[in-house]
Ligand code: NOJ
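Form predicted on its own, single chain, as structure tokens, below.
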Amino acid sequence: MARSRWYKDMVFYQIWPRSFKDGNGDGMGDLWGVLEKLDYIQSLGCDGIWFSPIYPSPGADCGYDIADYMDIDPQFGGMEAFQKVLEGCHQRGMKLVMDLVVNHTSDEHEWFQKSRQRIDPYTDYYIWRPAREDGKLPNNWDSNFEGKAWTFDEVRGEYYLHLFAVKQPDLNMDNPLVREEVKKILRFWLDMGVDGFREDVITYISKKEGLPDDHLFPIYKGMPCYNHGPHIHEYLAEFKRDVFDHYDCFTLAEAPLVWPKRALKYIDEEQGQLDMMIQFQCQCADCLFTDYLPTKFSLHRMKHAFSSWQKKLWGKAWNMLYLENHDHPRIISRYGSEQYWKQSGKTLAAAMLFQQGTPFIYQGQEIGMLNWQPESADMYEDVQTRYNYAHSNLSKPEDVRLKKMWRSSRDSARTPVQWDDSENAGFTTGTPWFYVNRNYREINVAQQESDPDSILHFYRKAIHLRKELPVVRHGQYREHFFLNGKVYCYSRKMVGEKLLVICSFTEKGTKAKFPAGFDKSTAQCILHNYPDFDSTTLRPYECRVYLWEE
């Protein structure tokens, strides 16, 4: 089947279902709430939805520990609600994308329960190893969430591998029966009408043969042995050949620790196995490798990440653009300024939305939601946050350790969406499953709907412009003034049309510079975040987007 690559003209909206909207009053976000808000999502200019996992799950990792791949969790409304949301999306001309999590399952999945009992054909569905002769763990790998990557199972009498939480055992993708199970899952949802998949840590599914010790990485030991493993392209090509090539769908790969050159082996439009890639470089402008090793924000690092992917994928592959998702703290609290909340929220939007690629907006990003700051660590829900807090530097005062979690925790982006200033931010009429950010009376959708100068309306206008202007899809990207540590400036150029984006990232005024060839007399400023502006100065977090014909 010919692939139409329809995703290139779209803007997606990511829904983390637990915290989006509760439609039945039980305190948990659900698909009935999503159905209620489809018109709102469409009003943003978004014409696609990506759901974080909504399958049955014990909830050890908020749904990323799946117990049944071919059903919808009753707490989200079950299959009935899903069918109505799918139908509602397609009636509006919107696409719906599911989260595919096949590096691991829940330990409560039927496959694992039978594997631990050595019941065929499930015996080798997971990665089991005995202890070494000296009684030590099978190797020295770390998990990403909870200590070492091996846990002993009393029933089987062996250790199982889990690169994430203890309750998330890794599947053995080297077993062809497991790959056939994955294909069944894909066909099940695609036949139902789902339009594609975001593939969770998909570059981890092939482990180095023999599972050797890792003597290279100081943290997350083992990653060189399972990220981009020996059979990864073979297995992805198999899924593409046997399933994806028979549907007009798209695939988005989550790929930690990947750079453009390696990414092209996955997403090159001529030879790749996938359509787009979620890279982490754009999330590392204020940290070292992980959010839990924070550093001072560097505009240079952010610009380098954006420009590198724009330039190196040009003409070969398609970018996935994002600033926020469920795995990272809120971007204004990181790269922007809570003091200049409105201005920096708009500047960050402009910085991303006029690059080439398909943007993904995370729920609440469009109203500038900020990091949550709980009074105590036991208020956190996230398994990764709890582990990192318990094992952080115990010699430091509790308030210092807690502030690090405010800055680093995934839960900072998982508080309920703030719909209005009523009780529980309009998220639920019941008791919310998780804490609502205290600032919901000042930051909410209803307030911003009535304010023409809001972040919400800025997103709407920016998304409208990027869809209206061919230069945003087709224009070549060029960064200007790359040594400037206060301003991000780039242009997009095609025959007959040119776009210039200028974004200030400082709380102080700075000089406005324009690249050679820019004609202020003929250029039209089509988007800006201050009511007026002059040609010589950029105010704190000021942004402008210019358009002119050549």
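Bear in mind the structure is a predicted one, so any value in this text is a computation, not a measurement. Residue numbers run from 1 along the displayed sequence.
Beyond what is shown, the protein has a form predicted together with this ligand; the following relates to that form.
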Determine whether any heavy atom of residue 162 comes within 4.5 Å of a heavy atom of this ligand in the predicted complex, and answer yes or no.
-> no
Using heavy atoms and a 4.5 Å limit, would one call residue 497 a contact residue for this ligand in the predicted complex?
-> no
Taking heavy atoms and a 4.5 Å cut-off, does residue 326 contact this ligand in the predicted complex?
-> yes
Could you tell me if residue 61 has a non-hydrogen atom within 4.5 Å of this ligand in the predicted complex?
-> yes
Position in contact with this ligand when the complex is considered in the predicted complex, options 146, 200, 214, 174, heavy atoms within 4.5 Å | 200
Tell me, out of 179, 410, 461, 480, which residue has a non-hydrogen atom within 4.5 angstroms of this ligand in the predicted complex.
-> 410
Looking at 97 to 105, 126 to 134, 418 to 426, 83 to 91, which lies within 4.5 angstroms of this ligand in the predicted complex, counting heavy atoms?
-> 97 to 105
Identify whether this ligand in the predicted complex is within 4.5 Å of every residue in the set 286, 342 and 510, based on non-hydrogen atoms.
-> no
Which residues, if any, of 251 to 274 lie within 4.5 Å of this ligand in the predicted complex when only heavy atoms count?
-> 254
